Structure formats: structure tokens, C-alpha cells
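This document opens with one chain alone, in C-alpha cells, the form predicted on its own.
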Amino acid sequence: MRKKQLEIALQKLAAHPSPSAELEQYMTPGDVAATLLHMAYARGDIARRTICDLGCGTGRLAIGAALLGAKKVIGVDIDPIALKIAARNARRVGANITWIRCDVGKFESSGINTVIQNPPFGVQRRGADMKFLHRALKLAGVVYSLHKATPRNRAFIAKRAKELDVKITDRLELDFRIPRQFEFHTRDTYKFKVDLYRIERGDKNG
């Protein structure tokens, strides 16, 4: 599936009817999701691999991985409503995915090759993004993760990567657009920069 075809397919998936500001439930834009997934596919990190989408929400990244030929896909989220919509979205496109309700920080599983995730940006809950990243690196040898593109974030993630003895192989800056969906939003659309990271552990093929 070409990148543009994937973007269109993902953009058509149903969104959360009542997203939580506290959980920072912003649906990953179709173009951002397609860029992450095609990057992972091109690097050999999706096809015939076991993929986990942490904080999967309504399932865009997980479903995209399934459409690109993943051997197995697991979607993890704490919100039962999001998981119900994700399952409905997957059925709509014929994607076979295992959905698990669990706090990301407590999720354990073996045999995962790649984690793909759009974690909370840590605006409402400070450090939420790092909680996701730490768990992802415990689960898989390769992680694709989206984070707000600020000098402070970049410095902090680089420092944590060094402390954890993992390697940032790629960092791609992308535009991230979200519609007005919470009471405190004053504009119809918000646009900001995010960084897409690809991070490897030394034992990524283990």
C-alpha cells in the first residue's frame, strides 16, 4: 500500500466521540501516522514482525501496521471506549488485531519486535511521554515514538537515550494538526511541530 493510500484509509477511521483532555487523547493525523508507518516499513520494522501500539486510542497506528503486513499487532489502551472504536475500525478494514485494556506502565509482553506510539505530550500530566517511552524500550528492540519538537524535549530525550544506552537512529520533524475538541481550545485547528524518533536497543533482534 502506497503512503498516500494508507493516509487516506487511516483518515477515514472513526474518532473518539468524547476524548479526554487529561489523557491527551488527540487522534494521530493521517499524514503523520502514514509517515511513521512507512518509515518503519522501509526500515524492515513492520512486515512479518510483531508490533505493539502503546496508547493505541482508536487504532490508527495499529491498523496501519496490520495493513502493511505485520505478522501480529497488539493495541494497548486504558480507555474502554477508545478500544471499542478501535475494534470497530479494525473490522471495517479487515485488520486482525489483539486489543488489550491496560495501563501502559503496567503492560508486559514477550516477543514484541517493534513499538509504535503517539504518547501523551506531557502537557496535562508532566512526564507522561517519558512513561510511555520507557515502557516501549522495555518491550521492544525498536521504537517509533512521537514527541513535541522543542529544544528542551530534544535535549531531555537525547540525555535519557544516553542513560538507557539506546541509540536514536532517526529524528524527523513533522507538522501535527489537531482540530478544536476541548473547551479550552479557541481556534478551529492547532498546528505545531513534533519529532518522530526511531530508537534502537542493542539487542533489537533479540
Partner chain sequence: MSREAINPELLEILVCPICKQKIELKGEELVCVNCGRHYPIINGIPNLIPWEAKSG
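Numbering follows the first chain given and starts at 1. Predicted model, so just to flag it, every value in this text is computed and none were measured.
Missing here is the form predicted in complex with the partner chain; even so, the following discussion is about that form.
The candidate site formed by 78, 98 and 108 is fully in contact with the partner chain in the predicted complex, as each residue has a non-hydrogen atom within 4.5 angstroms of it. None of the heavy atoms of residue 153 is located within 4.5 Å of the partner chain in the predicted complex. For residue 50, a non-hydrogen atom is located within 4.5 Å of the partner chain in the predicted complex, even though that partner is not displayed.
In the predicted complex, the partner chain lies within 4.5 Å of some heavy atom of residue 83. Proximity of residue 92 to the partner chain in the predicted complex falls outside the 4.5 Å heavy atom cutoff. Of the candidate stretches 29-37, 53-61, 145-153, 66-74, only 66-74 has residues with heavy atoms within 4.5 Å of the partner chain in the predicted complex.
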